[in-house]
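Just the one chain here, laid out as structure tokens, in the form predicted on its own.
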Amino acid sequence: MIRMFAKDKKRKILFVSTEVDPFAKVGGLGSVMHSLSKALNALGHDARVMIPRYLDIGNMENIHMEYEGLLVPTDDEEGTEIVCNVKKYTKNTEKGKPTTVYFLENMEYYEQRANVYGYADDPIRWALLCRGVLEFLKVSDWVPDVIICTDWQIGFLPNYLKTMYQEHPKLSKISTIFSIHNLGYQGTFNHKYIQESEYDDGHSPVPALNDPRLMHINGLRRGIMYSDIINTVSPTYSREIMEGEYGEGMDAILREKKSVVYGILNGIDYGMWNPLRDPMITQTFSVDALEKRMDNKVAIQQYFNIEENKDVFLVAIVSRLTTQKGFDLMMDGVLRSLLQELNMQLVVVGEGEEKYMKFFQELHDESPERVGAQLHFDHELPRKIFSGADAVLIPSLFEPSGLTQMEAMHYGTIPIVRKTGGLADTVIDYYPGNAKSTGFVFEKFDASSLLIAVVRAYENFQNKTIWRKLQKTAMRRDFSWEYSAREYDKLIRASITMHQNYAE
């Protein structure tokens, strides 16, 4: 029997993650945890986050002891326990909704580490976090209805919950959602070249924290296997990962669980990304005052010391410079041809693999008046670029969600993208007469398709009426976290109902 409950019933939600902005942010995950929990609270839920307390967090204001001397089992034969503390941060937001973050504190595994990731014992650190969260909830007055686990690092948690804690009177009632931000990351090992003797099928118990076998446990596989619902960060990506090309070895198990695999787009924080009130850009503007963007275009050209020209087609790349982002398509002469044949400029911001950084540096050296390159990341520069560039180029091999295209569109920069993952879900290809068009899309992962897409964008850029219409349509798209939170609300309710039915 399906148990129904009132749609307006508010739920207690715990996100368990390795990052949350502003305490720990390495990539987009930290922003997602901050913005999504905040948006769910705005809907009336009680959404909280729990992460480790890293060195950089230190003794920040409003962080207080919540539980001292938490004993977390290591599961070794001697019954060893690791002593942790749980600290809590609570601060009222401008709208009066409390933002609560818990920190698992341990000197050896978290406080003595300068970085979030990149240590040989990372699997121990994340397994300790997962087990520590559950031990804390055993003694806490606040117990969530659902735990949302992010990526492979937290894949241990649903495994523990469905095995070691399945009979616990409080914890056994908690449903789980496993949120996959990138299927390519499954552990500290390379899952594509794992030895047969080290292969993890997910059925054996999670080894003890001091057992070397823990280093080869596939957290992503276990998160998929033991969670009530699996979520990815875009609808298209949720379908793509069931195919061998994108499945990273998980396509078979994902097809088995197809009925509980969903995709919800990430959003962007319009409080932070707002061209009308952004203090980081030269000239603020709105969808009804796009002529003001021209000052920002000139500012970009001045910043990169390229020719000041209001009529040139200014294309931007703002990205991690990795294979995933599709830059191999540009390295066989496509970009050089475009720069030679079109009245076009290119600005590049990002860092990553050496071969791509070298390629863009060479492009700059060959045509310094047409190509600007800053090959390290700057969190303010993307805003400046999106406020004045004409187009942003995102030719990804795969893209689970992507935020760049959404941020660019909200600032009036038109995306040129490959049809994959979140790019396919957010950018609507232009053709004459389509009032919903927001960019230029190509499907095949080859250099010719990329070249044609850029030329199409360039040709339509020459018609200012068409281009202005594209900009206005793109800027009016709703990529707010409020929309995403409403979709998560449905997913949370479904996971709770599913878990309750399973328990019966």
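When you see a residue number, it is the position in the sequence shown, counting from 1. We call the rigid core whatever largest set of C-alpha positions still superposes within 1.5 Å between the two forms. Worth saying up front: this structure is predicted, and the values here are computed from it rather than measured.
This protein has a second form, the form predicted together with a small molecule, left out of what is shown; the following refers to that one.
The small molecule in the predicted bound form comes within 4.5 Å of a heavy atom belonging to residue 32. Taking the partner from the other structure, the small molecule in the predicted bound form has no heavy atom within 4.5 Å of any heavy atom of residue 188. Among residues of the shown chain, residue 361 is not one whose heavy atoms approach the small molecule to within 4.5 Å in the predicted bound form. Using a 4.5 angstroms threshold between heavy atoms, residue 323 stays clear of the small molecule in the predicted bound form. For the marked spot (233, 266 and 403), a heavy atom within 4.5 Å of the small molecule in the predicted bound form is present in each of the three residues. For the residues 182, 74, 85, 283, the 4.5 Å heavy atom test against the small molecule in the predicted bound form is passed only by 182. For the small molecule in the predicted bound form, the listed stretch (395-403, 408-416, 363-371, 128-136) containing residues with heavy atoms inside 4.5 Å is 395-403. Comparing the forms between this form and the one not shown on their rigid core, the Cα displacement of residue 377 reaches 2 Å or more. A displacement of 2 angstroms or greater separates the C-alpha positions of residue 394 between this form and the one not shown, with the rigid core held in common.
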